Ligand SMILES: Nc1ncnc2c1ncn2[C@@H]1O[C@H](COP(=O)(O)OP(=O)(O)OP(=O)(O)O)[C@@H](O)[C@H]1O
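We begin with a single chain expressed as structure tokens, specifically the form predicted alone.
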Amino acid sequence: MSRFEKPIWEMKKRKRKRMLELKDVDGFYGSSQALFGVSLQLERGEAVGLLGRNGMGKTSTVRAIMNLLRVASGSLAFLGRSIRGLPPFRIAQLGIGLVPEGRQIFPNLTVLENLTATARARTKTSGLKPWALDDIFQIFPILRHRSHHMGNQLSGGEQQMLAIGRALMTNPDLLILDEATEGLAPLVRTEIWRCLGHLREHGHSILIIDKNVRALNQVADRHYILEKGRVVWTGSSKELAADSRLSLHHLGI
């Protein structure tokens, strides 16, 4: 039996609550504007895809959420609280876990040390059971076998699994993945999508950037398409899959 056929824990039934909301966000790198009035919403327990061609503002949107990009106007709220201008570490402490583009694991720490170095208790706002090392090793068994290997001794796929596991060990209310499967071997991509599908089924809130629209459609409830720093379309996975002209025009697929 696949480890994904049975839940690691049971999610408490609860009414959905607004997890993340951006309204009319303008973002800048120095004097260069990257985001133009970006607005998006993500409800508790929802998975949302952030799509667009390269350089269209997806990573900039994530950086704006984490205050790694200067937001000149607009509002950003997490669980009903403004996070605009807060230090990135404080935003993480409030319950946002980021799997950044490029993974950015600690290369000179072991897998076990990477997973425990930034681990923290779950916030009171969540009804989900806290993550433990055994849970990470259950969804990514290879990490158990590599637990005493240094981060720089892992393959790219193993590093991405470690980056996801490290983010989950912070017990986030919201998990953000920037380029979830970019540059990974097909078998590893399958493992990552299986993990994200598992998280989605068990009520985790997820914001996902990835170029694999077909796989993303199997996980995400809704999508936003960005073009030149602006949201140009939003809709359900079913609507996106049904409109081939939309994908060709905005995504080139």
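Just so we're clear, the structure is a prediction, and the values are computed from it rather than from any experiment. Numbering starts at 1 and follows the sequence shown.
Although not depicted, the form predicted in complex with the ligand is the subject of the following passage.
Only one of 185 to 193, 37 to 45, 212 to 220, 55 to 63 lies within 4.5 Å of the ligand in the predicted bound form by heavy atoms, and it is 55 to 63. The closest non-hydrogen atom of residue 101 lies within 4.5 Å of the ligand in the predicted bound form.
Taking non-hydrogen atoms only, residue 135 never approaches the ligand to within 4.5 angstroms in the predicted bound form. Within this chain, residue 173 is remote from the site of the ligand in the predicted bound form, having no heavy atom within 4.5 Å. In the predicted bound form, just one residue of 172 to 187 lies within 4.5 Å of the ligand by at least one heavy atom: 179.
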